[in-house]
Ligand SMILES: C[S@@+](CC[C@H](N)C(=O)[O-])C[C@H]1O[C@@H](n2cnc3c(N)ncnc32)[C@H](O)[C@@H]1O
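One chain is shown next in structure tokens, namely the form predicted alone.
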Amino acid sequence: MAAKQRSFVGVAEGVEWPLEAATLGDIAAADAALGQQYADIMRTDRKLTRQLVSFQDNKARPVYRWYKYKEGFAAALVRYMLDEVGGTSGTLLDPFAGTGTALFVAGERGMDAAGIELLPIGIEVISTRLAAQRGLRAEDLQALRYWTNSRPWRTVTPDEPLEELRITRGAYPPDTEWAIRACLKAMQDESPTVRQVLRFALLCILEAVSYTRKDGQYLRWDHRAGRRVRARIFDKGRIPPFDEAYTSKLHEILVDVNSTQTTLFGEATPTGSVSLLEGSCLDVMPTLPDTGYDVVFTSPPYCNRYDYTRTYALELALLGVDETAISELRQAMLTCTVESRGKELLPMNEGWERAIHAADSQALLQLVIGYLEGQKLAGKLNNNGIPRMVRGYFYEMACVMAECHRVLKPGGVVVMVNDNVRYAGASVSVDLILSDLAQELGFNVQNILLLPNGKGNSSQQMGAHGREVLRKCVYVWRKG
């Protein structure tokens, strides 16, 4: 019998793969083989809970509780893992700093820390904490107490429209929108430090006082917004009046500041310095010196189609980010959404050739991409951008990991939080693929720590392919 003719498609960095050869069975077999290779270092750590690898544990912690950054991890996770890997001194880098949890915990422990962040809301949160950490004067605290008790925005008539994006129009009840505009106008009379804290407090409550809720890949709209909805009617429950939400947040900030002796650093007076580098880590990391850090502690965006520019649209609009800037942010971020066009990595940095070759040679990754390309050609994907997204994600992560290896001192360690994902029935073992790439790039993969309970996949995936529990892990890689 004649061999079946196979077609090939050129993909990432010149590599080709046989589409017909990439099946779910092939992926499962390659995944099992790679899992066996790392079986000795994969273990369940029962101290790693959902609360620690998400924002949940921060809800009760002074300062960390102020802004609800759902994609962040808890301060307690950073403390626990730094103790586990011996990160008690030296310097720490977080290439995806978010709202700075790893940085501030490191500072509390006496470590110097640097974070790289692209998203304006993350930059605003970190910058506000750093500004206040340099010292809130007695008159600053007095001004904040005045705002909490006297509500000066009530006596102001706003004259500027509220900045908005297409996806945020009509996000607030009319009285709330008026109050936000009045608040923005009234705070212009305050000192720069007080104004920054007041605006930060406003950012903290936007979701609560709006008709929206952050929900996975998008903003979910309450039926009271009057938008046409195709799905099930959503009611987010009580929407607090602006005055109640804003004064409550200001009071919370004042209580926490007083309890930490007018610093915003958390539970102890900081002895380590914290700095923020604004931009994409793909642009910023190559500018950092070799062997400058002892620890990289981070959680990159997951390969899950999550679009930060949509879910944080209310905050971005208030910060003055317009439609053009939103589009630019979306492309500058690590590829994790179907709208990302992908990046030309070698023209960005010729030093990434080894990282790209490592991704080219990772068998499981190439099978996954080949399978998804085949599903795309067969018209079986719900979005044809998925193969491009998955490919871009791992190739860009390989480059980030190469930079992590370069900037770490010998013996330095990477601690990374990430999730596995599933597309078109194919389970993508992000933990195994990234760890194998790390090994190829010179790291010693010490541990892949599993949470006791995995997570389910999307209802769409479960409906079409059945439920499968996906691993959520913390990786530990050490530079030899």
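The numbering used is simple: start at 1 and walk along the sequence shown. Just so it is clear, the structure is predicted and the values come from calculations on it, not from any experiment.
Another form exists, predicted in complex with the ligand; not displayed. Remarks below refer to it.
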Legend entry - Contact of Glu164 with the ligand in the predicted complex (heavy atom, 4.5 Å): no
Legend entry - Close approach of Pro387 to the ligand in the predicted complex, 4.5 Å, heavy atom: no
Inset, instruction - Verify the contact flag for Ala332: yes if a non-hydrogen atom of it lies within 4.5 Å of a non-hydrogen atom of the ligand in the predicted complex, no if not. - result: yes
Inset, instruction - Indicate whether the ligand has at least one heavy atom within 4.5 Å of a heavy atom of Leu119 in the predicted complex. - result: yes
Inset, instruction - Name the single residue among Pro301, Gly87, Gly370, Gly392 that comes within 4.5 Å of the ligand in the predicted complex, judging by heavy atoms. - result: Pro301
Inset, instruction - Please pick, from Met111, Leu365, Ala97, Ala201, the one residue with any non-hydrogen atom lying within 4.5 angstroms of the ligand in the predicted complex. - result: Ala97
Legend entry - Proximity to the ligand in the predicted complex (heavy atom, within 4.5 Å), stretch among 357-365, 238-246, 155-163, 273-281: 273-281
Legend entry - Interface residues of 54-83 toward the ligand, as seen in the predicted complex [heavy atoms, 4.5 Å]: Tyr69, Glu71, Gly72, Phe73
